[in-house]
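Below you will find one chain, with nothing else, as structure tokens; this is the form predicted on its own, and questions on how it binds or moves follow later.
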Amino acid sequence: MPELPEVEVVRRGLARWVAGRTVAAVEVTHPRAVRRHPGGDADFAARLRGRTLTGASRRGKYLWLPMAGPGGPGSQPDEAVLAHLGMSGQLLVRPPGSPDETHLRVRFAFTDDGPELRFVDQRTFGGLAVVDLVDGVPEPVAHIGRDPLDPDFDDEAWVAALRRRRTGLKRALLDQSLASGIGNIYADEALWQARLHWARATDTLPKPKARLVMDAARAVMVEALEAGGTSFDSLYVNVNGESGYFDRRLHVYGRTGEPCDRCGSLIVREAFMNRSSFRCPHCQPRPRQARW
């Protein structure tokens, strides 16, 4: 599933291509793509027709396209198209008349007859919905914490909340109510940078080490963003259909049996919450107090 850097790459592309454009028509080719929209596909299309998209916003792994209010262009957005990419969702900008993608689910055409916006989703775990905005944030996303790249993210509040938890460090990093957007890949990379084991008990973590973890998470995601995100297959792409290449810079994730870039020990893969966790056994030794 795309994590914060991948979703931010898509958001930047959308902001460039959809801001200020008015929707002429919406075609839903698979109803599952709008299953989270209560009114169904016909209502989804009707509520978008004639609306002007004002930009693209993100919190964690969620994207939304705010729409100008009843006053038309220039009025305060009151609703948005909320998008979750799931495992394989793609938001692509394509010239009108270009061949349909095999897994095209939703097509947006605009009144300026310019490039279309298409939602493509092979596995259909993602989806779109029109939702209300509350203080500029979609209601379904309001419970999600700010992400580490948000200028209003409070590092000290995160450290305090982390140390109050009685859980493992990686579990806390993946907790979207604490900080959104950190997924399996960047949690492993941040923990390698900080030289900490994923099962370290959060309530035993000194404040300086907790700050170090967040600094590492932020640094690795900024680096990934500059590289266009991480692509292990063709399912994650930007709005132009191009893959990111941060996978070439990963230190532990997906590198089982390869030497650690820091000490040369062989990277190990361990089971973690029905998925995998990767670490260097020398740089990230198992803690005395661990929580799984």
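The numbering used is simple: start at 1 and walk along the sequence shown. In this text, all values refer to a predicted model and were calculated from it rather than measured experimentally.
This next part talks about the form predicted together with the DNA, which is not shown.
Within 4.5 Å, heavy atoms only, which of Arg195, Arg171, Arg211, Arg146 is in contact with the DNA in the predicted bound form? Result of the distance check: Arg171.
Looking at 215-223, 175-183, 93-101, 108-116, which lies within 4.5 angstroms of the DNA in the predicted bound form, counting heavy atoms? This holds for exactly one stretch, 175-183.
Does the 4.5 Å heavy atom contact test between Arg166 and the DNA in the predicted bound form come out positive? Yes, Arg166 lies within 4.5 Å of the DNA in the predicted bound form.
Is Met87 close to the DNA in the predicted bound form, meaning a heavy atom pair under 4.5 Å apart or at it? Within the cut-off, so yes.
Using heavy atoms and a 4.5 Å limit, would one call Tyr253 a contact residue for the DNA in the predicted bound form? Residue-level check for Tyr253: yes, a contact with the DNA.
Classify Arg16 as contacting or not contacting the DNA in the predicted bound form by the rule of any non-hydrogen atom within 4.5 angstroms, answering yes or no. No, Arg16 is distant from the partner.
Does any residue in 123-146 get within 4.5 Å of the DNA in the predicted bound form, counting heavy atoms only, and if so which ones? If the 4.5 Å heavy-atom criterion is applied to the DNA in the predicted bound form, 123-146 yields Arg123, Thr124, Phe125, His143.
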